[in-house]
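Here you'll find one protein chain in two forms, each presented separately as structure tokens under the names structure 1 and structure 2.
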Structure 1
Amino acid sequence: MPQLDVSTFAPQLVWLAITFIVLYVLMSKLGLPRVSGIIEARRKRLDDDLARAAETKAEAEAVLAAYQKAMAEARAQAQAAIKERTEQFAAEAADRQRRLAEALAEQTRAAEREIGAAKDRAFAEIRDVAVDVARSITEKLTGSPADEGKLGPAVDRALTERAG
């Protein structure tokens, strides 16, 4: 077994010591600080970026909150304006309606009065016509002129009976 050849121990140990110590020095002075520097730089960069991202997010949230507040205010204002105008219009409409109703009632009353007057006039004319008719009928039937004093009240009586 070549591993148990004692004459090879010395060169192996010597070169193991040399190479191992060289590697240790290279690693501890050069390789490891280099790699840890890279890893640290990356970690720092990431932390910075994350911090910046958090800051930007907070800013964006503030802007959003301000926007929402402005929107809510504007909406409330608009609602108030709409309500005011609606009430105003409703009042105006009611007013106009009331005036129209009054005018109509006035016209109705005037018309009724005219109708009453026309009716009275018509009645008066009918009485004159009835008296004339009654006189001529009486003259034809009796052959003598009618008694004017009795004719008027008789026609009146008959008209009142009919109207009743």
Structure 2
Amino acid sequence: MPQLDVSTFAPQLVWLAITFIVLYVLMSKLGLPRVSGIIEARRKRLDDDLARAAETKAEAEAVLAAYQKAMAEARAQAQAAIKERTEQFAAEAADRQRRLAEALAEQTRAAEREIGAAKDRAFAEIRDVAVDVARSITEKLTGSPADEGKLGPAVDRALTERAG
């Protein structure tokens, strides 16, 4: 093999050095700058993506905070509306109850007036019946007609004593 021949080592080493230097220059001037540019572009794109992600996250957190605030306000408004309606219904119920109580009180007073009138009529009828019975008994017992002037006051006194 010619590579292992000692007499050809010097030219091989020269060509090895020349090839190494040419490849080194080509790589350092052409290959490595391109690779560095690609790596830098990827790093920049990654940083931009991370920055956009951070901005999006901040926006999402702001939207979430606004949503939670809106929900809290909506809950507060709903509670206020419920409280207002409850108070309104309670006031309406109290008003209806008051009107019903007034109507029942008026009906009770009217019924008491009717009962009083009926009682007065009954007492008047009882008085007339009592006067007729007293006249009848007096006539049967005495055989003579009874004195109307004395029968009326006597029955009135007797009814007053019974009622009192």
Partner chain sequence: MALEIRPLEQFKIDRLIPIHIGGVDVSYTNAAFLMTIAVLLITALLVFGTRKRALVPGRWQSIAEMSYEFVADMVETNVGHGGQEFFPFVFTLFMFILFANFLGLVPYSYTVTSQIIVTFALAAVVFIGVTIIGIVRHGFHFLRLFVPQGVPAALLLLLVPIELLSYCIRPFTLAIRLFANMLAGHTMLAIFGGFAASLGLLGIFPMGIDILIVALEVLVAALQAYVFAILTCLYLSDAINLH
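Fair warning: this is a prediction, and the values are worked out from it, not measured in the lab. Throughout, residue numbering runs from 1 along the sequence of structure 1. We call the rigid core whatever largest set of C-alpha positions still superposes within 1.5 Å between the two forms.
Here, the chain labelled structure 1 is taken from the form predicted in complex with its partner chain.
Checked against 81, 116, 128, 43, the hinge of the rigid-body motion between structure 1 and structure 2 corresponds to 81.
24 degrees is the angle through which the smaller rigid part turns against the larger between structure 1 and structure 2, based on C-alpha superpositions. Taking the core as reference, the Cα of residue 27 moves 15.6 angstrom between structure 1 and structure 2.
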